[in-house]
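Just one chain is shown here, as structure tokens, and it is the form predicted on its own.
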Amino acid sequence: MSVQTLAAWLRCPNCFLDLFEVTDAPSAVLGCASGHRFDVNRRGYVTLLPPRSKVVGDSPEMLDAREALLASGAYAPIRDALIAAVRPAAPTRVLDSGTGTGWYLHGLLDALGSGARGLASDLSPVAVARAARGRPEIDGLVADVHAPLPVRAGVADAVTVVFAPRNAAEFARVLRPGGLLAIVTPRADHLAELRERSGMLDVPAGKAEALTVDLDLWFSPASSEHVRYALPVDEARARQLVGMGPSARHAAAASALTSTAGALPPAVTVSVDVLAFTRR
């Protein structure tokens, strides 16, 4: 990451003018022609939340659980399917929205090879710092996907969204025409055995179909793959699965898991759709 490569992605969250490096500032600063200024964190990211925003991202504890699970290879087939969906488009600039620890983005950029750059965007500063750490080809952005993104129009060749919220209109705006949107979304049977025992949040049926309808104004379907397999699970892995997602914010889920730890199944079902769409 450099201030120049970071600025090349971004626009001001206040007036929507392009950001640039403020070269006469005593430290790393981005600014726009209207005079708005934003400090670049020493860890390699900038925070561009809307004015007076009070939204909160994932906690360090949630990210620790996610990092441990992903490092074990538990979700490697999902990452492989994401890479297979994106690599044929040969993008050189990838926005990973809701990046978390950046594990999916890291694998994708490794597969794309030298010359590819990524923008790791998340609501959690801790997540963005982890995603950008040790990866000079990744720029970091703290932003709220539900607000107008502080990202320039048409700047991305691909946008990836893995188990994260979506903003179809903004993804269409930041993608160049012909660019690729790749989304990983769970099916209703994803982790069903664990949901029954832990009180984890349910996954509505038909998410992939609903998503295709929601995107129809801007995108055409390009590919789809259903990834489904049995994942061996013990108490430690079960706690990671519960603790890494939104269910971690619900005390009932952790309490239920503790009371049923001895009744855990030997494996849980991983079941997700990997969907790719082309920007019209």
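The model shown is predicted, which means the values in this text are computed figures rather than measured ones. One rule holds for the numbers: they count along the sequence shown, beginning at 1.
One more form of this protein, predicted in complex with a small molecule, exists but is not displayed; see below.
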Practice task
Could you spot which one of Pro165, Gly134, Pro88, Gly154 gets a heavy atom to within 4.5 Å of the small molecule in the predicted bound form?
Solution key: Pro165
Handout entry: Touches the small molecule in the predicted bound form: Ser198 (any heavy atom, 4.5 Å)
Key = no
Handout entry: Any non-hydrogen atom of Asp139 within 4.5 angstroms of the small molecule in the predicted bound form
Key = no
Handout entry: Non-hydrogen atom contact Gly179 with the small molecule in the predicted bound form at 4.5 angstroms
Key = no
Problem - Ala172, heavy atom within 4.5 angstroms of the small molecule in the predicted bound form - result: no
Practice task
Identify whether the small molecule in the predicted bound form is within 4.5 Å of every residue in the set Leu95, Ala116 and Pro150, based on non-hydrogen atoms.
Solution key: no
Problem - Segment that reaches the small molecule in the predicted bound form - one of 51-59, 31-39, 219-227, 232-240, heavy atoms within 4.5 Å - result: 51-59
